Structure formats: C-alpha cells, structure tokens
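One chain comes next, on its own, written as structure tokens: the form predicted on its own.
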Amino acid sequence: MISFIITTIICFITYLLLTTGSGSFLGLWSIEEILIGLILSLITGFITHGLFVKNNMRMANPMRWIYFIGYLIGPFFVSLAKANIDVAYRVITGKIKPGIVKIKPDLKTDLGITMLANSITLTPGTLSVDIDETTNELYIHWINVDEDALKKKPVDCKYICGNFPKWIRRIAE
C-alpha cells in the first residue's frame, strides 16, 4: 500500500511540474487539470507501484534526492561537457580507436547499475552495450580505447566513468 501511495504522489507532483502555468487555479493550474492529474496519477500508481517502489524504501530518503540533484549538476554535467568537446575533437581530427571494454563498477543494486549504464550511455563517446547480471560488470563501447586502460582486465572504471560509481553508491545503495 505504501508503494502505491509513494508512486501516486510522485506521479502527481511530476504532472503538476510539467503542466505548471497552463491554468488559472493559483495562477498555475485549472481545477479540471488538477482532477485529471490526480486521476491519471492514481491509475499510474496502481499499475506501476510494484515497479517504481520495490521492497525497499531506500529512495524515499530526501537526502538521496539531494545527492541525485548534486550528481546531475556536478560530476555528470562536467563529464557531459568534457565528453562533447572530446567527441567533437575526435570527429574533426579522425583520431578514433573504437572498441568494447568491460568494467566492474562494484555496484550492488539494480538501480545503481541502471543509473551508471544510463549515465555512460548519455555521455557522448560511450555506449553501454551489455550487463553481466551475475557479476554486475558492464560492457561499454568506447570511441577512443585508451591503451593504458587496457592493461587492467576489467578496465578500471575511472577511465570511462570517472567518479560516477562513487556518487551512484550514495544515491542508490
């Protein structure tokens, strides 16, 4: 029951944020819009509560959300900007050595592995290709495979994803 309530509240807040300024109630929403949002949130909460909130309440901690926002505007944004510049340089100069490497991020939860895989994929020049579900190792397609990084098997995570795993551990584990 608590997972249904949490999922419904988060869906409703997301709906309100996405529709802010489109009505007249409090200058932000119309009454009809709030009712529709509530109905849609209840339906979505009923259908997806088992997927969104599993058996743990780890992500209900507000501190984890603060860490998540810090992760997005801090290390993720910086890595995103640096990777964009690096990929543009490699495209212009043609200095590309693509390859697939395996990394072991030592993350334990499905949420942590998923966050890392998505962060790597969203960063230009890298793409998460596969996950070994037994060992939680990730296979990453990398636009410029570093020879120093290949000396260790699996490749050290710092070459590809920097300090992403450290931040994700704070958020998801």
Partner chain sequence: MLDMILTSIIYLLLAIGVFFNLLAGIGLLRFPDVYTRLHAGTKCTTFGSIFIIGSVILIGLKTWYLGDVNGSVLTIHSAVALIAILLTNPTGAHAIARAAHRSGVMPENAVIDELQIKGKKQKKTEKKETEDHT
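Computed from a predicted model, the values in this text were never measured in an experiment. Positions refer to the first chain, counted from 1. C-alpha atoms forming the largest set that superposes within 1.5 Å between two forms make up the rigid core.
Keep in mind that the form predicted in complex with its partner chain is missing from the display, and what follows is about it.
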| remark: its partner chain in the predicted complex has a heavy atom of only one listed residue within 4.5 Å, and of 130, 32, 110, 106 that residue is 130
| field | in the predicted complex, the residue from 122, 36, 43, 66 that sits within 4.5 Å of its partner chain by heavy atoms | value | 122
| request: Examine residue 73 and determine whether its closest non-hydrogen atom to its partner chain in the predicted complex is within 4.5 angstroms. | output: no
| query | Can any non-hydrogen atom of residue 49 be found within 4.5 angstroms of its partner chain in the predicted complex? | reply | no
| 4.5 Å heavy atom contact, residue 9 to its partner chain in the predicted complex | no
| Going by a heavy atom distance of 4.5 Å, is residue 61 a contact of its partner chain in the predicted complex? | no
| remark: Contacts from 88-116 to its partner chain in the predicted complex (any heavy atom within 4.5 Å), listed N to C, are 88, 90, 91, 92, 93, 94, 96, 97, 98, 99, 100, 101, 102
| task | Tell me, please, whether between the shown form and the other one the C-alpha of residue 122 is shifted by 2 Å or more, with the rigid core used for superposition. | result | yes
| Would you say residue 137 moves its Cα by 2 Å or more between the shown form and the other one, aligning on the core? | no
